[in-house]
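In the block that follows, a single chain appears as structure tokens, in the form predicted on its own.
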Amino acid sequence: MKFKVLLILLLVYHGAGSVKAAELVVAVAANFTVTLEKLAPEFERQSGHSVTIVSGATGRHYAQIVNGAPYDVFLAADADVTARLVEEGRALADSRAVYAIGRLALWSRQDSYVDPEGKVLTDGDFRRLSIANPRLAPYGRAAVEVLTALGQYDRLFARLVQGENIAQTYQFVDSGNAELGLVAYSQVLENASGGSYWLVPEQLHTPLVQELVLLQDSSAAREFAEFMRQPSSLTLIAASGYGNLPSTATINP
């Protein structure tokens, strides 16, 4: 009798282990990729699940999801996109949640090239300004809004070079193909080569509200959503160059 009970317990234990261990595929906006790469190992350690990260422009990820990409979770840089996925029945309505507030920065590899007020945009003699594609990337739309608010969009239009996403936008500046770039502040903080930057005032563009949404209803995906709101996760996200979350930024269980 004891042998049977032990056997049953062992079967239950091993069965639970196989259910617990899952492979999550997480699509993430390019600006948040490095931060997620820092968060993922701790989530894997806590949960026993594994995470595969797929980075790209939010608009590109949306098109892939519509075409059947097998993602479990989507960390978008645009709340409008997560709302659209819910409306179309491609994502779980109760899972939308703000995970970060993006910040935009004007950055150059050259020390002292960008002044503290960003006047280089109006007074500087530069050939190229890199921005993300505004049709695909929220950071690109924010860049256009900033240039428009400063009355510089028409004047600088011919000097703009567009990256497909904010990662490519950053690379254009880092490689020297553009002297300046309107990039994610998180990228500036991650940059080891220094340079100079201007943190763009948030009132110059629409808030960069970044939302996550679950595309598959699984316990592993919901564990991931819960992990993203842990104090330690929020602390790391803030330290990575993102603004404070609003008090309404809750994640549904």
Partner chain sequence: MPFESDITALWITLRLALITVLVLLLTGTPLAWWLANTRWRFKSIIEAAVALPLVLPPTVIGFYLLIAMGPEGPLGRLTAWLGLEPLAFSFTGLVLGSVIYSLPFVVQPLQSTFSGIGRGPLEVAATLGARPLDRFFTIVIPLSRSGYLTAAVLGFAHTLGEFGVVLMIGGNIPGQTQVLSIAIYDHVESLEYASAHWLAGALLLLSFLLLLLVYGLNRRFDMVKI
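Only a predicted model underlies this, so the values are computations on that prediction, with no experimental measurement involved. Positions refer to the first chain, counted from 1.
Form predicted together with the partner chain: not shown, discussed below.
For the chain shown here without its partner, which stretch in 218-226, 62-70, 31-39, 47-55 has non-hydrogen atoms within 4.5 angstroms of the partner chain in the model of the complex?
Contact-bearing stretch, as computed: 62-70.
Would you check, heavy atoms only and a 4.5 Å threshold, whether residue 161 touches the partner chain in the model of the complex?
Within the cut-off, so yes.
Hey, in the model of the complex, is residue 89 touching the partner chain, heavy atoms inside 4.5 Å?
So residue 89 does not count as contacting the partner chain.
At the 4.5 Å heavy atom threshold, is residue 112 in contact with the partner chain in the model of the complex?
Answer no; every heavy atom of residue 112 is more than 4.5 Å from the partner chain in the model of the complex.
Taking the partner chain as it sits in the model of the complex, is residue 103 near enough to touch it, meaning that at least one heavy atom pair lies within 4.5 angstroms?
No.
So which of 75, 182, 178, 142 reaches within 4.5 angstroms of the partner chain in the model of the complex, heavy atom to heavy atom?
When the partner chain is considered in the model of the complex, the option within 4.5 Å is 178.
Identify whether the partner chain in the model of the complex is within 4.5 Å of every residue in the set 108, 152 and 155, based on non-hydrogen atoms.
No: no residue has a heavy atom within 4.5 Å of the partner.
Quick one: which residues from 105-143 get a non-hydrogen atom within 4.5 Å of the partner chain in the model of the complex?
Going through 105-143 in order - heavy atoms within 4.5 Å of the partner chain in the model of the complex - the hits are 109, 127, 128, 133, 135, 136.
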